[in-house]
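Only one chain is included here, represented as structure tokens and corresponding to the form predicted alone.
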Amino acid sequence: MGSYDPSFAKEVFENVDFGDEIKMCMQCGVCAASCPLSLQMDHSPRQIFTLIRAGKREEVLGSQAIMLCTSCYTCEVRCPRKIPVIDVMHGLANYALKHDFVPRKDTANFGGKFWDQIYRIGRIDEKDLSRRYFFAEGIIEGIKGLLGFSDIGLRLFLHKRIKPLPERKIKGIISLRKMLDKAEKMRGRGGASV
């Protein structure tokens, strides 16, 4: 059994967005009991906080749980210490990706394609996003992915939820890009996450 190493906790407290808020956790388990995805997670938020304190860097940054948070705010509303659990989990996910940990490659891939599209046109074009996401792993995987979702795509098209023509850029795309670029610079200095 190895000795306790506080260096990872210090790394998180100093470098992860809202990481220092973990110090407030009293391990009550309300976040885990409140989370609608807790059964899908390899570690609940409470367990993630414990692993951070225990110095388990690879286990935390490689955890699927940090990529599963859907920002429903249930944990945050119920937390007796008012810890911004969502912000901590998203901060850990961003930190993991920045350090080449990709615990859920498909989630990271989708998020990247989503933000690329927001940056390019200022909105989401479901058909284009799906195409880019499915074909990110190559042509064979792309065809398989599209065929697997073709019934859903057809129903969305028939119910006029997907337009046949490509989405156009929003009118203020230049301003939006400037704002996103500034947020990215702030994030690089330990500020807000995008």
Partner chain sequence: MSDIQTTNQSILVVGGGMSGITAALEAAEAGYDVVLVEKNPYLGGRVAQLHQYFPKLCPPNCGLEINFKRMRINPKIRFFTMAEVEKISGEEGDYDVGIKISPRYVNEKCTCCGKCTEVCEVELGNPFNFGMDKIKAAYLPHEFAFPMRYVMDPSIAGTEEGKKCHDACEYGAIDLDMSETHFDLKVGAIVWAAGWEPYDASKVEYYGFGEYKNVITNVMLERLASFNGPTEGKILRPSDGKTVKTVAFIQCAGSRDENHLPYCSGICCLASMKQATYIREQYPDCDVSIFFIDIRALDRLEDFYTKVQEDEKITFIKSKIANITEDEETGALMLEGENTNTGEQIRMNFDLVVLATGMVPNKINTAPSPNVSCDEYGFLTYDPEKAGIYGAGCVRRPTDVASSVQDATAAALKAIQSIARR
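Residue numbers count along the first chain shown, from 1. Quick caveat: nothing in here was measured; it's all calculated off a predicted structure.
Beyond what is shown, the protein has a form predicted together with the partner chain; the following relates to that form.
- Contact check for Cys79: a heavy atom falls within 4.5 Å of the partner chain in the predicted bound form.
- In the predicted bound form, the partner chain sits within 4.5 Å of a heavy atom belonging to Ser44.
- In the predicted bound form, at least one heavy atom of Gln27 sits within 4.5 Å of the partner chain.
- Of the heavy atoms in Met67, none are within 4.5 Å of the partner chain in the predicted bound form.
- This chain lacks the partner; the member of Leu154, Ile140, Leu147, Ala33 within 4.5 angstroms of the partner chain in the predicted bound form by a non-hydrogen atom is Ala33.
- Residues within 4.5 angstroms of the partner chain in the predicted bound form, judged by any non-hydrogen atom, belong to 36-44 and to none of the other stretches in 36-44, 58-66, 155-163, 132-140.
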